[in-house]
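Starting off, we have a lone chain in the form predicted on its own, written out as structure tokens.
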């Protein structure tokens, strides 16, 4: 099977030839090309070249043309702050007074140069692989984006004290999110990752989720013209998975802090599972630990299909040694061949 066939088979809750895996390498492309992170993201061609090199190097099953999360905020007028050893971050919040939400206007995708550069990377990448490798698009959910637009404290104030302005901000963010997702699909994205950490039960209760992030997700996903995988970016989701299934998502990215076997039991045959290697502790893994973590994850979620092995956050930290990423790849290729007969053997032993 090629990567596209492998991933689609897993998403169909069947067993492909082996467990698909996605190493979420993004800014590592700068290291691959010998560039600073800022220079790396300055041109679509840099991202494409590095992604193709890393795809050959790690032998994983998807390409990631994503630039960085703050890219979306740039379109709204924010600045991005770059660093030498980590992901670019959004600058000061756009909204300093809640009433200023009434003045916000969603940016148009065609008028945002940096979004256009990201779309160029996506198109170039798609032209190289066609339908043989998934190319992933990413959007920040309208419910989670306000953390960067307002700052966390101001967003919580909005959420609990100004329902009128909250609804207005959601409407603005939804328009932008849908347009950005569909632009990526039109440029060649195979599917969209919907990053929604604020909806996780790590941050809000299920009751609050059902009133807010769940309603937003149902509206947005219904308007996105392609498959969507919801990613909680390290946040817990086990307690809301039955609700998440009703949003229209086809897969869920889950936290390393939760029991992958319990998550798979809830999702089996209904929702594909992605995860959940701990990308933070990965920085300190030995090769033996890396192999053990890969085997444990595949043993818990791999049997029966419906599983893509990945990290828990959606981005590998800059500090994770290249050696460990290569060991992870080798472990999947060695131990991930279906029907995973070794799982039953180790359980019996």
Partner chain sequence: MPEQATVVEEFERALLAVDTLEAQRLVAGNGADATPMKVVDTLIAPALERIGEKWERGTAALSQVYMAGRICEGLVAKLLPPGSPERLARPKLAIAVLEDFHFLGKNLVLSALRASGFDPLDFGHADVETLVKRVRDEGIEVLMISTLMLPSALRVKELRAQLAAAGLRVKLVVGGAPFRFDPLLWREVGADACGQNALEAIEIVRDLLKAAGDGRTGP
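Positions refer to the first chain, counted from 1. The structure presented is a predicted model; accordingly, all values stated were derived computationally and were not measured.
We do not show the form predicted together with its partner chain, though everything after this point is about it.
Colleague: Verify the contact flag for residue 152: yes if a non-hydrogen atom of it lies within 4.5 Å of a non-hydrogen atom of its partner chain in the predicted bound form, no if not.
Modeller: Yes, residue 152 sits close enough to its partner chain in the predicted bound form that at least one of its heavy atoms falls within 4.5 Å.
Colleague: Classify residue 202 as contacting or not contacting its partner chain in the predicted bound form by the rule of any non-hydrogen atom within 4.5 angstroms, answering yes or no.
Modeller: Flag for residue 202 set to yes.
Colleague: Though only this chain appears here, would residue 89 touch its partner chain in the predicted bound form if you measure heavy atom gaps against 4.5 Å?
Modeller: Because a heavy atom of residue 89 falls inside 4.5 Å of its partner chain in the predicted bound form, the answer is yes.
Colleague: I'd like to know if residue 175 sits close to its partner chain in the predicted bound form, meaning any non-hydrogen atom pair within 4.5 angstroms.
Modeller: No, residue 175 is distant from the partner.
Colleague: Among 117-125, 272-280, 212-220, 186-194, mark the stretch whose residues have heavy atoms within 4.5 Å of its partner chain in the predicted bound form.
Modeller: Careful reading of the contacts points to 272-280.
Colleague: Looking at 247, 182, 234, 78, which is the one with a non-hydrogen atom within 4.5 Å of its partner chain in the predicted bound form?
Modeller: Here the answer is residue option 234.
Colleague: Counting any non-hydrogen atom inside 4.5 Å, which residue from 257, 262, 104, 171 sits next to its partner chain in the predicted bound form?
Modeller: Looking at the other structure, the residue within range turns out to be 257.
Colleague: Taking only heavy atoms into account, state which residues of 313-327 are within 4.5 Å of its partner chain in the predicted bound form, ordered by sequence.
Modeller: The stretch 313-327, when checked against its partner chain in the predicted bound form, contributes 317, 319 at the 4.5 Å heavy-atom cut-off.
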